[in-house]
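Let's start with one chain on its own, the form predicted on its own, as C-alpha cells.
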C-alpha cells in the first residue's frame, strides 16, 4: 500500500495517532503530526511512498507539532522534533513542510553513519550511477531535477549514500528541493514535473518541492554502481564546458564533499578510492540547462555503446 491508497481522512488519523510509517530507500520513517494542512501536502507529494505496518523498528521518529494549544489559533507556530529536540527554531505553519524536509535531512546526516554520505545529487541510467557533488548554489538540485525528468532514475538531490563495504550507491529518492529562480526553470524545462506549492520567506528564500517520479520510488531498493562523477556549476551566460578531472584531484574533491568522511575514517578512504578508480570524472560549467542535460546524455550514450 502506498500513501495515495489512504484517504485524506485516514492519513490525518494515522498522522495524529500512531503516526504514518513509510519507507524511503533503506530507511523506515514514522511521522506524527496533528497539523491538518501538512497531511494534505503529504497526501499529494508523498503519494508514491510505501506505507508500512505498525510492526517493525523505525529508523527515525519525527514529530511536527504545535508549540502550545493556543498557537493553533493565534499566529500558528509548529516545532520539529526527532526523538529529542532538533536544532531548529519554531516556525510559522506556512513554512512547516520545508522544515520537515530539512529536519529529515538533519536526521539522516547526523545518524546514518553506517553509510558514507556525500553532499551530492545522484541519478542512474542503464544501471550506471552518476554522482553530482557540488556546493550550495551551484545548481546541483536543478540539474538533478532536469535529469530525473529526462529518463534518469532519481537516487537523491542531496545525499549520495554509499555502502562503504562495496562502494555501491544507495537510493533515497526524497522530494527534490528547488529554490528561487530554479522553480520556474524546472517548470519550463519539465512541464510534466509534479511540483508542490511555493513557500516564501524561508532562510533559503522561496522553496518548492518536486515529487519523485513513481518509477524512482518503486525501484528505491535497487542500488547502482557508480560510473561517472561530474562536478557541476551553473554560471550565468557561461559557455558550456565539460573537462576531465585527474583522479588525484577527483579524490580530493569527492572526499571533501563527504559529510562524515572523518567519522568513517579508513572505510571512507577505501570507498572514495574505489569510486574514483572506477569512475570517469569531469567538471561541468553551464548556463543552459537543456544543453547541460544533452551533453550528459551524449556522454552516457557514448559509454553505453
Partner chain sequence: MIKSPAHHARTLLINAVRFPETLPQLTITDWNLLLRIARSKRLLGRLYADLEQLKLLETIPPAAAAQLQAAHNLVQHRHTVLTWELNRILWALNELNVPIIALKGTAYIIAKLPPAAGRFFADLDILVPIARIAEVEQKLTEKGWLKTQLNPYDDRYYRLWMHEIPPLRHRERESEIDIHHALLPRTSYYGTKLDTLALFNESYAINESRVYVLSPHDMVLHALVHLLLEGDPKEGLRLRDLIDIADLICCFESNSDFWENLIRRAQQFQLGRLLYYGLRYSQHLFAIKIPPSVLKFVAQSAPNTVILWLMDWLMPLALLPEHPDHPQRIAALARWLLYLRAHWLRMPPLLLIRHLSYKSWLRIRGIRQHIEIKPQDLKQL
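What you see is a predicted model; the values in this text were computed from it and never measured. Numbering follows the first chain given and starts at 1.
Omitted from view is the form predicted in complex with the partner chain, to which the following refers.
Every residue in 48, 52 and 217 with a non-hydrogen atom within 4.5 Å of the partner chain in the predicted bound form?
No, the candidate spot makes no contact with the partner chain.
Quick check for you: of 186-194, 208-216, 101-109, 124-132, which stretch puts a non-hydrogen atom within 4.5 Å of the partner chain in the predicted bound form?
Stretch 101-109 is the one.
Test of understanding: in the predicted bound form, would residue 65 fall inside 4.5 Å of the partner chain by heavy atoms?
Answer no; every heavy atom of residue 65 is more than 4.5 Å from the partner chain in the predicted bound form.
Is there a non-hydrogen atom of residue 236 within 4.5 angstroms of a non-hydrogen atom of the partner chain in the predicted bound form?
Judged by the heavy-atom cut-off of 4.5 Å, residue 236 is well away from the partner chain in the predicted bound form.
Would residue 158 count as touching the partner chain in the predicted bound form under a 4.5 Å heavy atom rule?
Although the partner chain is absent here, residue 158 would touch it in the predicted bound form, with heavy atoms inside 4.5 Å.
Would residue 256 show up as a contact with the partner chain in the predicted bound form if we use heavy atoms at 4.5 Å?
Judged by the heavy-atom cut-off of 4.5 Å, residue 256 is in contact with the partner chain in the predicted bound form.
Pick from 36, 41, 240, 263: which has a non-hydrogen atom within 4.5 Å of the partner chain in the predicted bound form?
Of 36, 41, 240, 263, the residue with a heavy atom within 4.5 Å of the partner chain in the predicted bound form is 263.
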